[in-house]
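This document opens with one chain alone, in structure tokens, the form predicted alone.
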Amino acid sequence: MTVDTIGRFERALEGLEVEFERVAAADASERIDAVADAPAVGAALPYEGVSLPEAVTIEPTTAELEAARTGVTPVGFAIAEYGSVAVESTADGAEPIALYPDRHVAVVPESDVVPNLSAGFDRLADGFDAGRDSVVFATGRSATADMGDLVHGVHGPGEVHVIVLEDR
């Protein structure tokens, strides 16, 4: 990863009207708590020393997922070139947690932000070789113009916030 990969990722997210911040892993739980609107649901974060705030419900029921304003998930990797995050299918339901609530808070280690689509495909191939078989690429807020004017938040979250763990 080049030094500017994170800067490129940040600029791509800014163009997509996605909120972005870099935080130390030790501060991640506090920052997630600050940006998550209640009620919030989440998938466990697999990063040492990083946990979800107590206010975030892990392994939500269908009713809790339907009522949630915020979904917090880890992402397998991010592609700086496009500002995309790769939400991997997990047993604890990261995909619906990322897609159903109005606001998605995506958490990704800095070391998992790749510069371009080619590097993203390499990461995808590695994941498939390791047995993972489903990934959703999310680029910005959900948007559609199927019925005329551009509308956000119809097929997924209308707000996205990316937290990059700067020391991971």
Partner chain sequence: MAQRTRSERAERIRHLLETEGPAIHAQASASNDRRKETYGGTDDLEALRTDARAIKEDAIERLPELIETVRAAVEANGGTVYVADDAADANAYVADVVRNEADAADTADASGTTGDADAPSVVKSKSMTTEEIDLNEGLEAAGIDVTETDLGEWVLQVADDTPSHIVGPAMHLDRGQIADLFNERFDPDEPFDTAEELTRFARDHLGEIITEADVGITGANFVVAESGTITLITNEGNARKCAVTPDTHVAIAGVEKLIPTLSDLEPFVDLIAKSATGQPISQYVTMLSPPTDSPTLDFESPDEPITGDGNGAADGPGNSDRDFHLVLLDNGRTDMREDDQLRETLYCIRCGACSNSCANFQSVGGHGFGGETYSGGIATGWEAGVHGQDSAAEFNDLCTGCTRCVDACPVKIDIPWINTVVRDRINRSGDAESYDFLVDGLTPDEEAGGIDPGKRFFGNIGTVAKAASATAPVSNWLADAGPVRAALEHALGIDRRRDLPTFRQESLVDWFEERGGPDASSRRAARAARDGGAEIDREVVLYPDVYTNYVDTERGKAAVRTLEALGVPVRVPDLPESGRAALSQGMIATADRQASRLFAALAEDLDAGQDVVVIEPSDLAAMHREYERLLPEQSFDRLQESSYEICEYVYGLLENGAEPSALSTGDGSEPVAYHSHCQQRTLDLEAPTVAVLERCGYAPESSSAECCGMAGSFGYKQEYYELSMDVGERLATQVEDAETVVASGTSCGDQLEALLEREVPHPIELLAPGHSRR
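Residue numbers count along the first chain shown, from 1. None of these values were measured; they are calculated from a predicted model.
Not pictured, yet referred to below: the form predicted in complex with its partner chain.
Novice: Please identify the residue among D27, D37, E110, D102 with any heavy atom within 4.5 Å of its partner chain in the predicted bound form.
Specialist: It is D102 that has a heavy atom within 4.5 Å of the partner.
Novice: Whether G148 contacts its partner chain in the predicted bound form should be assessed with a 4.5 Å heavy atom distance threshold; does it?
Specialist: Result yes; G148 sits at the interface with its partner chain in the predicted bound form.
Novice: Within a 4.5 Å heavy atom cut-off, is A55 in contact with its partner chain in the predicted bound form?
Specialist: No.
Novice: Given that its partner chain is not shown alongside this chain, does T139 nevertheless sit within 4.5 Å of it in the predicted bound form, heavy atom to heavy atom?
Specialist: T139: yes, in contact with its partner chain in the predicted bound form.
Novice: At the 4.5 Å heavy atom threshold, is H155 in contact with its partner chain in the predicted bound form?
Specialist: The answer is yes: H155 has a heavy atom within 4.5 Å of its partner chain.
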